[in-house]
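A single chain comes next, written as structure tokens; it is the form predicted alone.
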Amino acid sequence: MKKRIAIFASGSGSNAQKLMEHFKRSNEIEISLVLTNNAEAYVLQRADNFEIPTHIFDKNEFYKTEDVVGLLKNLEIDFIVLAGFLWLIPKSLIYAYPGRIVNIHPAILPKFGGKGMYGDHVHNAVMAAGETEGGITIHYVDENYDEGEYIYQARYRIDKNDNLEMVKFKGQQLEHQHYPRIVETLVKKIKK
């Protein structure tokens, strides 16, 4: 029986796409569901391209009901991957999936993390601070933004002439290279 992953995303979903591509031919692991809080998110089209079911939810459903947890349990989801998902994960979901929710952050935590630190906000803060290195952090998710235990970090050089697009590109290259591989390693350790 394959282990089943659910992806939560709020936007374009380039990391979600890399995960879908990575697990498409796997005999052990599948992406079983993509969930989003944004009905306009391009990640929905990406999921459709891979014939992966989707679920769109609002704040009320996510924070005031057990519907999302119930859906995940009904679909026998084993592991949750956040891929550009911008809302704080509710306690009920963390308790339902202890040590089974991971996120990728576009900086070397603990620097440049926390509420509001996502996407270009992070890259701009890194550049404004005059950092000579950027990077990514893959971490477990807890009840606070970007504070869960670190699983993996990777770095890239920031050159003096790099603009926002260059920094973003370097970070995305690392994300796409490492996130599917790390997720696969973690999911394979789960006892079904």
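As the structure is a prediction and not an experimental result, all values here were calculated from the model. Note that residue numbering begins at 1 and tracks the sequence as displayed.
A second form of this protein, the form predicted in complex with glycinamide ribonucleotide (GAR), is not displayed here; the remarks below concern that form.
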Query - Contact residue in the model of the complex, from Ile108, Met117, Ile77, Leu93 (heavy atom within 4.5 Å of glycinamide ribonucleotide (GAR)) - result: Met117
Query raised in the report: Is the gap between Leu72 and glycinamide ribonucleotide (GAR) in the model of the complex 4.5 Å or less for some heavy atom pair?
Result: no
Query raised in the report: Given that the partner is absent here, does Ile104 sit within 4.5 Å of glycinamide ribonucleotide (GAR) in the model of the complex, heavy atoms only?
Result: yes
Query raised in the report: Mind listing which residues of 169-192 have a heavy atom within 4.5 Å of glycinamide ribonucleotide (GAR) in the model of the complex?
Result: Gln172, Glu175
